[in-house]
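Before any questions on how it binds or moves, here is one chain, the form predicted on its own, in structure tokens.
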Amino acid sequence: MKKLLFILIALTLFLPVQAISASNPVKGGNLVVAQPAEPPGLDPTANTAAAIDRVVWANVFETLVKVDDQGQVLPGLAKEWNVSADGKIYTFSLRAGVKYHNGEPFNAEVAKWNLERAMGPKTVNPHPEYFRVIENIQTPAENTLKITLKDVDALFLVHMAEGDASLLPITGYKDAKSHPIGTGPFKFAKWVRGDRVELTRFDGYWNPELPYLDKVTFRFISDASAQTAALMAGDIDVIGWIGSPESALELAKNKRFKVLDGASTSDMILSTNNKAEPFNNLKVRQAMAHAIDRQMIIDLAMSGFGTPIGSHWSPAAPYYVDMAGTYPYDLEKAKQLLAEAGYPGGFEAVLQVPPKYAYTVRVGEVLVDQFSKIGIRLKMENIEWGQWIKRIFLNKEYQLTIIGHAEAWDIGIYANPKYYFQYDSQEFRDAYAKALKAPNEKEKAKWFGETQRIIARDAVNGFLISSPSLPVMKAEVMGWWKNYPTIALDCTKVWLKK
């Protein structure tokens, strides 16, 4: 199972990257990290927003297992584990003596409580399906956790390494949205709304060698130019996820900074409400797919960075199938399909974009122009991030939007007809179920590949590009991840070269 997760591929972006020092890490120092969106809360078990995970997951909260920057599954709060021959029983040996930031002990009973809470009927977890595969949980010893699954789940261990599986304290969990308490290397210190979250070193961390830093501050700077200006002025040390690829080209030329050229699992899509007219018509969605010139999006909106995709799967993950050619750029074919769908003159629609993610505006402008060539007249509207979550993600009050889906292995969202795409396909659900129960690598590749083919064929969304990982930082920042196989900005082993 440890080999199941991500086999990262290299993305060659030809950026001049400075060599990273091989000297020994030193302790001390404060790090300021910029990210574009402020989290709606700080509890990764209650909200799917990637902005939450980027601040607290792996820094404040931990999971049974974790992944490193190469996507390898490693011990987390579980120091080791084994899986039964039939693939249904996972036995985790937990670390002894682990404490939460408030002094509460972590043990098997606490882990059991967390998992039962996530799988329960009143769960607030954004991905309860990750946990409802569990049949029962036993705690044969204080630090032994035995989980029996209802059936084989090829992604179970992967999901236990995601922010949704963060393990909260039993008596300290209720205020997690505003005052998170975890077992991680950093503890929550302050949240200045609209500006920053401050974390400080947890001196009681179970690994006494970590963390290296004294303090990490996450500043929320939505404007890409403002991010770059803050870095140039020395107000921040890292742009964790650069919102302006063209800035990466310029900053890489400056010896004061370095750009790490890596891979990510973020799939940028034109999210489509499959229940809203006229997008409930397959031919309309197919016409739109033929009207999308992905290379133009990469060139005009992403400064040449990114990989065209045709389905909801990152080239950075195993079992990837290149579906970008499913609907090749063909304006005449697109117009024909629109006419067959009953819209020979096209139609008007609204494209809502959250400007906190600058790429949504840039990509939106390109798509408005591309769709106009086949008679689809898009009105682009900016929507504040909190309203995007409420109106689009939760209430499904939209026609089209643009967003990056950063969670790895999240193609299972298409099996949920209540997800904000409102895609309902029994064929997909059957294929996904077979992928989860696949007994070997060959069958996993077959059925995960089939899930990609089905949603590509159904043109569920406008599948655009796989985003590159382009973190930019001061030259003295060491240990920052080059690749982003998860959506965490893990600062556990980051240090500052004196």
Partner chain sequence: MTRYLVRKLITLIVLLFLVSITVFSVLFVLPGDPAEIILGMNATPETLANLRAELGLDRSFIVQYANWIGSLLTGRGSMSINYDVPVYDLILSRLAVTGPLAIFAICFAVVISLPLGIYAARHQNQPGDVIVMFFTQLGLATPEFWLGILLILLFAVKWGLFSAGGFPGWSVSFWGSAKALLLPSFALGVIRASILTRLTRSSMLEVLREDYVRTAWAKGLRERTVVYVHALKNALIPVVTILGLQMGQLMAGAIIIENVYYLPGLGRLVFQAIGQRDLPVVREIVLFMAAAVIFVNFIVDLTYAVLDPRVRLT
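Positions refer to the first chain, counted from 1. Everything numeric in this text was worked out from a predicted model, so none of it was measured.
The same protein also exists as the form predicted together with the partner chain; that form is not shown, yet it is the one meant from here on.
Note that among 181 to 189, 120 to 128, 73 to 81, 284 to 292, the stretch whose heavy atoms approach the partner chain to within 4.5 Å in the predicted bound form is 120 to 128. Although the partner is absent from the chain shown here, N47, R193 and H405 each have a heavy atom within 4.5 Å of the partner chain in the predicted bound form. Remark: W388 counts among the residues lining the partner chain in the predicted bound form, judged by a heavy atom distance of 4.5 Å or less. Residue contact check for A85: none of its heavy atoms lie within 4.5 Å of the partner chain in the predicted bound form. The closest non-hydrogen atom of E365 lies beyond 4.5 Å of the partner chain in the predicted bound form. Interface membership of L331, defined by any non-hydrogen atom within 4.5 Å of the partner chain in the predicted bound form, is ruled out. Shown without its partner, this chain lists V350, A96, L394, A141 as candidates; in the predicted bound form, only L394 has a non-hydrogen atom within 4.5 angstroms of the partner chain. For the candidate set D235, D214, E340, E135, a heavy atom within 4.5 Å of the partner chain in the predicted bound form is found for exactly one residue, namely D235. Counting a residue when any of its non-hydrogen atoms is within 4.5 Å of the partner chain in the predicted bound form, the hits in 407 to 424 run E407, Y419, Y420.
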